[in-house]
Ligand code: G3H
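As structure tokens, one chain now follows by itself in the form predicted alone.
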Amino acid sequence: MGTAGMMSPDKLKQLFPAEGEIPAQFGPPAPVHQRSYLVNGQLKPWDGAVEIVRSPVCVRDERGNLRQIELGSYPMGGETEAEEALAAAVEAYDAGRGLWPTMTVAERIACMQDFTSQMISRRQEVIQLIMWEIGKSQSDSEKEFDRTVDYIRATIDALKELDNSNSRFLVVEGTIGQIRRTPLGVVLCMGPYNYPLNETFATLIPALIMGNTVVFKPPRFGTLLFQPLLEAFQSAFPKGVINTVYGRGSVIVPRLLDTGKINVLTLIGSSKVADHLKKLHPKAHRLRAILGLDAKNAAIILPDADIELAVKECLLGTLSFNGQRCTALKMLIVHQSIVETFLRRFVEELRKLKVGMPWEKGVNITPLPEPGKVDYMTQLVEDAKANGASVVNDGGATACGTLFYPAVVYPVKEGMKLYREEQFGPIVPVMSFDDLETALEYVITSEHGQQVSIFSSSPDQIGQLVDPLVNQVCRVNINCQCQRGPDVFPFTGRKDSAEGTLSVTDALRSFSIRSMIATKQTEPNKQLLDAIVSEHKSNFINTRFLF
């Protein structure tokens, strides 16, 4: 579909395949009815309640009705299963005495490399499940898998470099010391549905490789895609190092935190949820939180901006994977003198976006996986219209089933839900400004502080904006969209957008703490340390170099 034309619900409905029309090579996977969960090194059978998984992809029946394709089911555990998984993780950590936390770094890396090899062997299954579970295009699903493998390898390389830099003794003021990074304990890891593999592993992998043990709750949408990896987790890591839990987060997560036995909470999700969960821990100061939370990233487009470049980057920034990215551009702030030109070109380019099913080549807009999301998008647009805004693109906000055609909404202003709420979907709010202070004030008064984009060709204007903005957000993008990568760059946010820093190296630090041994610089102590090192008496006290 090259242009929206006269977009209508019926036109959107025709984009869903009829029964039997899905190309065989892209067809849905054989139903995955998961009937086991990983706990204490065993794939334990499950015969209790299950959750049915339905794809955002619908099929049309003979009468033209839409039906979401059923993909399978997974266990719906409760507090008992959560406590069992936690007990296994606690036992495997064993107050820091367990096999995993006391292993050498080289041994943990070997386990991770074993896991990675097994993961790669299941590549096609995982990609297919990403595509069908969350409606991500096939090409983007492939990129997510491959980027995740690259991330694991980069993490291994970063850990080698980190450990090698700590493989020597320091002598300061008559004291000999060796400082290394050590694990924190038991980690509760929860990932998001929009990047269910990559974002989840961006916390899970560094947590594991630093010697922590893990209780892992897969995202609500994007659960089945981890099923092909359970055997790899089981065989690559010692028992109890990683344990999976399934069920209602509102039931099992409070129970896990209430025990006080979780040392680290890692969540990619809502700041409101994170605030609530942190309060459940009986000793909040003992709970380290590594959180990737809400964002309402803005793009500020100045009068001297390259309009074509700004349109191209903002189109990608607002609508890649239907705008379901925390780094998406969720407010475009355009100077009054160019707003009409910008909107005209933006809408012209938006018309070229292909709407369709995830397996279609070149598809840009696909079905939304979250139940109720289409209705929520509609409500946001109706609220803006009721308060004086308009949908400026033909067919914008047209919906049918799980498809929502992108809506460009202008002018968005204070008092509209779209002004502050994170839409996390295919709506493009646009506001204009005359005074640069207006644009700055929007970012300053936001509850969020992840990133911002600036579009300008003026060194003076960019310099004037960068200096205050770097004190409001953690990344200022110049003439390009907001984004996470490259993975070696720090990824974090201010205000309600994050806690802790993720990136290849930063994540290793986030999931560990510096510990050290120290002794007086005396001849007996030097001989003692030399014996420990030369006779390999300690995994902590060593001078080994990892290649």
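Remember, predicted model here, so these are calculated numbers, not experimental data. Each residue number is its position in the shown sequence, starting from 1.
The protein also exists as the form predicted together with glyceraldehyde-3-phosphate (G3H); that form is not presented, and the subsequent description refers to it.
Screening 401-409, 234-242, 357-365, 326-334 for residues having heavy atoms within 4.5 Å of glyceraldehyde-3-phosphate (G3H) in the predicted complex returns a single hit, 326-334. This chain is drawn without glyceraldehyde-3-phosphate (G3H); in the predicted complex, the residue among 194, 200, 266, 318 with a heavy atom within 4.5 Å of it is 194. Residue in contact with glyceraldehyde-3-phosphate (G3H) in the predicted complex (any heavy atom within 4.5 Å), chosen from 492, 483, 68, 505: 483. glyceraldehyde-3-phosphate (G3H) is not drawn, but in the predicted complex it has a heavy atom within 4.5 Å of residue 147.
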